[in-house]
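Presented below, as structure tokens, is a lone chain in the form predicted on its own.
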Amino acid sequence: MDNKDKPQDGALFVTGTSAATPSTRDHDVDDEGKAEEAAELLDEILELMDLDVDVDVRSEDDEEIVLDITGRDAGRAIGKKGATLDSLQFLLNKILNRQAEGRRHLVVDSGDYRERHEKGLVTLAKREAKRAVQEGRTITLQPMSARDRRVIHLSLAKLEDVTTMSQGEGTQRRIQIIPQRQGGGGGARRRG
């Protein structure tokens, strides 16, 4: 077995064309079949990733389509901290929303992973806000994705005793939770 025949863990190599590769047909579809087209495309991508999963349309409306990944390899489809789900979602949105008309946001989820993750972020935000106020000092959180930072900012926006601010660049961007001075006004604001 020479190097080109060895399997590469974590890499996806497609050689030639086969029935398992996503079709080259134009993925711009009318609004009626967009959910089914999205589910079919995601299923093809996950099959190429050699994951034993199923894809279903969980819900759809005029603005959003939610696809759900279930099965034995669903954990691998989620990836570390949801990174694989986010990547799949990004790809699907780029492929299926090339045309301005009929654009609908695609959400890729597995079970209730996104909901559980957001609840955990809200809990973290409130706990760290309480700590910032008690200690009277700014608390800086670990770097996180734009989506996760948004959840934190929104969860603390109504608290009057802290403000939030994003700091840093790129993948090192993190949130600071800043306690308000006693007698100072204003509620939490998102700055960044």
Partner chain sequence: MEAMRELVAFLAKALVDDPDAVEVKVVEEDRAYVFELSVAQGDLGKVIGKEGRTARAIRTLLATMATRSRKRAILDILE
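Keep in mind that what you see is a predicted model, and the values were worked out from it rather than measured. Numbering follows the first chain given and starts at 1.
The same protein has a further form, the form predicted in complex with the partner chain, not shown here; the description that follows concerns it.
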Stretch in contact in the predicted complex with the partner chain, which is absent here, among 120-128, 42-50, 135-143, 61-69 (heavy atoms within 4.5 Å): 42-50
For this chain shown on its own, do 35, 99 and 110 all sit within 4.5 Å of the partner chain in the predicted complex, going by heavy atoms? no
Touches the partner chain in the predicted complex: residue 76 (any heavy atom, 4.5 Å): yes
Do residue 116 and the partner chain come within 4.5 Å of each other in the predicted complex, heavy atoms counted? no
Does any part of residue 105 reach within 4.5 Å of the partner chain in the predicted complex? Heavy atoms only, please. no
In the predicted complex: members of 87-104 within 4.5 Å of the partner chain, any heavy atom: 87, 88, 90, 91, 94, 95, 98
